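Below you will find one chain, with nothing else, as structure tokens; this is the form predicted alone, and questions on how it binds or moves follow later.
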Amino acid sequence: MTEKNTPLLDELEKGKWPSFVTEIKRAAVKSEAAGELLQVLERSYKERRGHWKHGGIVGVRGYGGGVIGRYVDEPQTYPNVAEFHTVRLLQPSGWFYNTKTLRTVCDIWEKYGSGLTNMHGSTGDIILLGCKTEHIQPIFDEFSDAGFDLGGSGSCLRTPNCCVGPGRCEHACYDTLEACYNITNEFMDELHRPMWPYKSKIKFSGCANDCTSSIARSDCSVIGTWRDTLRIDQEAVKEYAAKINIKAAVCDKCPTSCLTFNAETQELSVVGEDCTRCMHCINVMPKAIQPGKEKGATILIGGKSTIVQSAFMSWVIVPFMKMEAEDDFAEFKDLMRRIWEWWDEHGKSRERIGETIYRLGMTKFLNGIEVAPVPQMVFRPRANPYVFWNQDDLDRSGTALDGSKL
């Protein structure tokens, strides 16, 4: 395959940014499938329509997910990509690999597949693009012997994903790496055997910077937070005061105006009950401001892209939860089981959790999972269509973010 055969794709190699076209061309040196993939893609761009058919029953013994069937619509024209299935592998927490592991992945994949990979997919898996049906089971067997397992696909728990957390980030309010690993292993059956109305995703972010974009991309967002107040090093504040305008760069941009900088004493103060834990001040002055000591996570529900309804951002259902490996994340696991049971009972086909809540209402959802309503669930007081108060709500006690009983 030469460059003159793909004039439209060649345009995507121009400019200063890396190009997937270049990588496919490199793979095409060894792989006939990669070469034909370029031809199909060039034709799709020229004709402005796709030439792939998705679906079909392909997989490995004992699993209901992890392999995505894909076929070209003209197999006689493109025999090397007539079957071009995708295999998903579970990724390690935080995407930490050594070179031996990466070489093992590539060696097995080049042996059976096209050699093309996506590191990583939007859910977080290692994505292996393009293999024939006859090679799916041998691929799985070799990866299994090497210590790998399949990721999620279909109407199941998709592979949980996390930020780098305490592996490299001082702002992590809980161990995202351990949480992701532990909970992935706990719900392995839900991950490998589709059983729900549609897919369900969990993403773990160690702080409100939300480096996994969980609030927009996952049905359940686990975002690190703290229950007490910010810790401020006044000596470090003075050092920052000599470099930046703290009032303009920090205080004036605080969403709740909870920070005040005294120019005379060069001290920074915070009204703890007004702080929304947005991380802006910590991002600007990390040496002077740190999260509080009582750390945990906020649990949010309902984030997704457009499917039945439009795109949703997830919203709070548990303002603060301890996320501790010492108790095996028992409280979070129990919550997820109750959420999935309610959704499995009430959800329609291809309806995400957030869409089911939107259709039936927040009151039915909270009653179904036995969670008491709290003010943090309300986005805008008396203007939120989801939350309605009833006597049953008043009979159950809840805990606010500051620890007080409602």
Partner chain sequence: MAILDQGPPHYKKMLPPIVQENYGKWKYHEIPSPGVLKHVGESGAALYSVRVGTPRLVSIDFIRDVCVIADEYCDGFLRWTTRNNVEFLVSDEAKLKPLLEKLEAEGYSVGGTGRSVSNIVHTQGWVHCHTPATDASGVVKAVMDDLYEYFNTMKLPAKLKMGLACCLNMCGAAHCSDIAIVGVHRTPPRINHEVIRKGTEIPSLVASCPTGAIRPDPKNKSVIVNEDKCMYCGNCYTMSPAMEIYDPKNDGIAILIGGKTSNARTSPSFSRMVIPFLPNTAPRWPETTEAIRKIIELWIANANDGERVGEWVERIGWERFFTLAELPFSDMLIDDYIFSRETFRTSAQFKY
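Positions refer to the first chain, counted from 1. Please read these numbers as outputs of a predicted model, since none were measured by experiment.
The next section is about a form of this same protein that is not shown, the form predicted together with the partner chain.
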{"item": "Check all three, Ala27, Glu170 and Ser213, heavy atom within 4.5 Å of the partner chain in the predicted bound form", "value": "yes"}
{"item": "Position in contact with the partner chain when the complex is considered in the predicted bound form, options Ile232, Val271, Ala330, Val164, heavy atoms within 4.5 Å", "value": "Val164"}
{"item": "Interface membership of Gly296, the partner chain in the predicted bound form, 4.5 Å heavy atom rule", "value": "no"}
{"item": "The partner chain contact at Gly292 in the predicted bound form, heavy atom, 4.5 Å", "value": "no"}
{"item": "Non-hydrogen atom contact Lys53 with the partner chain in the predicted bound form at 4.5 angstroms", "value": "yes"}
{"item": "Glu326: touches the partner chain in the predicted bound form, heavy atom cutoff 4.5 angstroms", "value": "no"}
{"item": "Sequence-ordered residues of 90 to 106 touching the partner chain in the predicted bound form, heavy atom within 4.5 Å", "value": "Leu90, Gln91, Pro92, Ser93, Gly94, Trp95, Phe96, Tyr97, Asn98, Thr99, Thr101, Leu102, Arg103, Cys106"}
